[in-house]
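This document opens with one chain alone, in structure tokens, the form predicted on its own.
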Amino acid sequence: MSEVAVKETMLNFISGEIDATSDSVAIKAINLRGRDALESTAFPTRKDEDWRFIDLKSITRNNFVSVSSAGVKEAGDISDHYLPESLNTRMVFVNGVYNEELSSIEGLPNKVIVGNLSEYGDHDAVKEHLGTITNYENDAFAPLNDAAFKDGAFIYLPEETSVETPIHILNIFTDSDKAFYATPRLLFVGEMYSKATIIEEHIGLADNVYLNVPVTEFRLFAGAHVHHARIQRDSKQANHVSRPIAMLDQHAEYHSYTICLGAKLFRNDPRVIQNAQEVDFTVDGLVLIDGEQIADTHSIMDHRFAHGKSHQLHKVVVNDSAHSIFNGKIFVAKDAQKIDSFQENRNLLLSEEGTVHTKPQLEIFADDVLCSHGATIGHLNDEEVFYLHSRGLTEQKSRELLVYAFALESVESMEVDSVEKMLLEEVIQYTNRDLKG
């Protein structure tokens, strides 16, 4: 009997048939590929190096059903979550299903497409790029998305086209009678010298259990420029396992900023692939967790050609018994000279019960590069707390102010005013909670 036959697969934790069907040849091929992988890919355990610090009981103790079988509730009025800058460039997905009534897509530049993947499944860009760069070997989660997604966001920018207003992809998850799984999908294709800002949000409206497995694919051709903000505010009982990946051609720029605030278990595996010389990309992150939350980031900055620049600043604040894991890799292939890459993981522990595991990595096969990495773990500085306390602030407010300042650098990277304001309010709410000494 094979090892896979002995081990459990993702199919052990989901109930019923995966009923994704599509008229699109491209989407149907991805669905079938995912189903084949689900049957043959073992579910991860602590014996697997990339999962050895994570307790996956929040997934394995549940039996997730499809959205259609979960008894999901209506979304109701979600207008508070709309961005004023994106009133006419907004796509809303409720539990992974596109909601045309809540969406608003108007006034886009000529030939720009922002729409549901199921409606554009036969578009040339979808047939050429969908599923082509999501090569997650031995991954039990990406195949679930492949197998089960029906709807998704499709964004296509023609050559030399700029979308001035941010495009808001709003993923809403509602209360339900049963734990369910959802598979949001996003395909972005930016032709030469196109430009856009993408705000991707995941918001849980209740405190229920669900499994959110989004896959996002960005294909940027020469000179394309994208600012991509990912904001995760799932239910504190949810599991969020995301697979964002981007491939960049010459002179392309991709700047990604991931904010983790919700979910009981958050696993994020961002990858950026340099597909030609002279690219520039960012893979920054901010994690604010407390209670018994787990946040795990495994990133890869993949430099395959010469003259590339990349940056990663991953900041984490841990309170109570929360647990953060970071494993970031800078990979530089042979002959990929003149690479300038920076990676740093900064961790702030607010309690004695919190846990941080960090492992920045360099894997370099070229000799003319400028690459650096580092990690810090520490508590609030007693002298700084005392100084603010001596200036009239209470000790609690002094600590809150220092936590706020620690997180501020990441929030200020946002290019959308309402998003920056919203995140600052989230940081304030986090820091206003009782911080343990």
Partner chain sequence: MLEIKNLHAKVEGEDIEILKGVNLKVNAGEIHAIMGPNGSGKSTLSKVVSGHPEYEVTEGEILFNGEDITELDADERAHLGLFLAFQYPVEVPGITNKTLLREAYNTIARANDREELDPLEFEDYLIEKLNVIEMKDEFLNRSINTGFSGGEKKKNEIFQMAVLNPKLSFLDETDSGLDIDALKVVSDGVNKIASNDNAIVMITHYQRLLNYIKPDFVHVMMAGKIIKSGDIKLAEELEAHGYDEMQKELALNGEAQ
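Numbering follows the first chain given and starts at 1. Note that the structure is predicted; figures quoted are calculated from it, not measured.
Another form exists, predicted together with its partner chain; not displayed. Remarks below refer to it.
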Next on the checklist: Partner absent here, but in the predicted complex, which of 55 to 63, 377 to 385, 26 to 34, 41 to 49 has residues with a heavy atom within 4.5 Å of its partner chain?
Outcome noted: 377 to 385
Next on the checklist: Against its partner chain in the predicted complex, would residue 389 count as a contact residue? Criterion: heavy atoms within 4.5 Å.
Outcome noted: yes
Next on the checklist: Can you work out whether residue 370 and its partner chain are in contact in the predicted complex, taking contact to mean some heavy atom pair no more than 4.5 Å apart?
Outcome noted: no
Next on the checklist: in the predicted complex, is there a heavy atom of its partner chain that lies within 4.5 Å of any heavy atom of residue 394, even though the partner is absent here?
Outcome noted: yes
Item to check | Proximity of residue 401 to its partner chain in the predicted complex, heavy atoms at 4.5 Å | outcome: yes
